[in-house]
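Just one chain is shown here, as structure tokens, and it is the form predicted alone.
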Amino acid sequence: MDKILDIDNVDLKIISLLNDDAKTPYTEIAKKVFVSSGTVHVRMRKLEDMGIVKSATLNIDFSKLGYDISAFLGIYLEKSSLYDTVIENLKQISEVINAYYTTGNYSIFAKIICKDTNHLRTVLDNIQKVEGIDRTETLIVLEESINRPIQFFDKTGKI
């Protein structure tokens, strides 16, 4: 918790700008934050060392790669003690792109992507064969309306 105290508005502005586009050059970030590019580099290294910045990722339109179905999967476990084993098995299924240990009805809530309904059926069959999974519920995504990073500042630049 103490390391969070080492974060200031400059760090948050750098994170916000890179959150919008992780490919933005440090020199451009520096101009917008009114610091040197060396400062941006040092701040980013600090944020990485603190574990705040884990990696830079791409925002991919999977449908343009032939993956037309996104779905969420609510997974019920036979016993909660099987969570670690089930997660390790789900990691082996490449179509599972996110998985969360949750409260509520499901033990695990996962996001999967598939090329079509036949592919979805195959993936669901593979998931349901995982030892420790009692049953699943599938929710097919019709449209992704919001996909954005958290905003640390309002439009005026204030927290």
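Numbering starts at 1 and runs along the sequence shown. As the structure is a computational prediction, the values presented were derived from the model and not from experiment.
Just so it is clear, the following notes concern the form predicted together with a further copy of the same chain, a form of the same protein that is not shown.
Q: Which residue, Thr102, Thr39, Gln128, Thr122, has a heavy atom that falls within 4.5 Å of a further copy of the same chain in the model of the complex?
A: Comparing distances to a further copy of the same chain in the model of the complex, the residue within 4.5 Å is Thr102.
Q: Check Asn19 for me: does it contact a further copy of the same chain in the model of the complex (non-hydrogen atoms, 4.5 angstroms)?
A: The answer is yes: Asn19 has a heavy atom within 4.5 Å of a further copy of the same chain.
Q: Using heavy atoms and a 4.5 Å limit, would one call Met50 a contact residue for a further copy of the same chain in the model of the complex?
A: So Met50 counts as contacting a further copy of the same chain.
Q: Residue-level question: is Leu82 within 4.5 Å of a further copy of the same chain in the model of the complex, judged on heavy atoms?
A: Taking the distances in the model of the complex, the answer for Leu82 is no, it never comes within 4.5 Å of a further copy of the same chain.
Q: Is Asp116 close enough to a further copy of the same chain in the model of the complex to count, meaning some heavy atom within 4.5 Å?
A: No, Asp116 sits far enough from a further copy of the same chain in the model of the complex that none of its heavy atoms falls within 4.5 Å.
Q: Taking a further copy of the same chain in the model of the complex, which residues along 45-65 bring a heavy atom to within 4.5 Å of it?
A: Those in contact are Met50, Gly51, Ile52, Val53, Lys54, Ser55, Ala56, Thr57, Leu58, Asn59, Ile60, Asp61, Phe62, Lys64, Leu65.
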